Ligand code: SAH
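Just the one chain here, laid out as structure tokens, in the form predicted alone.
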């Protein structure tokens, strides 16, 4: 099976960017099924790479291997997993919750694997990864020591765009139930049936880095999910924490995570953060520190401008709630929003607020979420710790 690219459309692929969009494909020899490995060649017939083909996705090809003649077999997949596992070794000494495999950045598009204690929660988000589900599950069980079970939580827009239905259930070993993990000296409960894989391991370092600035302050943790930043704040000596999220289930889990450390929230707010931030302002509230960690607002390029307006509005409302000398930790997990653009959005919000805002620290995704230089989109999480005067 061979895919030939349109003239001049091979440059990104030759530079090892793993995505080839449908508009770059000129013709196809054979009839590969979704996820099947094909050869990718230039219009003149020169070898470019081997990749997984999906006839219905806008990302028509997910490239795997750039050396001609290399078989994409069990040994090839095992090598990718071994390389990824070696990269995580420094992390395993400090926590038992981390990303074991990060899709294209680790060489297998669509495979996400997060470790929580003795369990893996995995996602197969592309047709190619889904096609190899059984083999990858067996290899993960062989590669990662000390596992008791592997649970699948394959859902979200990624699978829908690939033409795949959601899939959840036990793949290997025993089902996890609720899992207790440790991170930065704190304890959390993880429910794999909740959003994504159940816990945001990409924010691990940021929770540690931001916490000292939250000590002694009244903190608003917006988009708290299961209370990751709230627990870190209270452990660092925050005076109080208010939890805000649109999900009642997430807020219930956040309260339970606070209770593990012997804490209770000052207030729990359920609803739309855009409106609740305005409501807090109207009732005269103010905070010594605010964490803004919204879900991905830019889901496609068509929605980018609207997302940027959303980020500006969120941060402007936070700037109206923060005390003088207070701190805001603000984030974007939209891969389509680069760091320079995010900083620009914050600058516009600061200008409209009429307040002086200083950047204290730039924040990034944890190292168990590596970024290939050939794929800048993998740097999806960016954040800023701000002081507001």
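Positions refer to the first chain, counted from 1. Quick caveat: nothing in here was measured; it's all calculated off a predicted structure.
There is another form of this protein, the form predicted in complex with S-adenosyl-L-homocysteine, and it is not shown here; the text below is about that form.
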| property | result |
| --- | --- |
| Proximity to S-adenosyl-L-homocysteine in the predicted bound form (heavy atom, within 4.5 Å), stretch among 237 to 245, 139 to 147, 73 to 81, 305 to 313 | 237 to 245 |
| Proximity of residue 167 to S-adenosyl-L-homocysteine in the predicted bound form, heavy atoms at 4.5 Å | no |
| Touches S-adenosyl-L-homocysteine in the predicted bound form: residue 225 (any heavy atom, 4.5 Å) | yes |
| Touches S-adenosyl-L-homocysteine in the predicted bound form: residue 153 (any heavy atom, 4.5 Å) | no |
| Exercise: residue 295 in contact with S-adenosyl-L-homocysteine in the predicted bound form, heavy atom 4.5 Å | yes |
| Within 4.5 Å of S-adenosyl-L-homocysteine in the predicted bound form, all of 200, 207 and 273 (non-hydrogen atom) | yes |
| In the predicted bound form, the one of 184, 286, 299, 195 near S-adenosyl-L-homocysteine [non-hydrogen atom within 4.5 angstroms] | 195 |
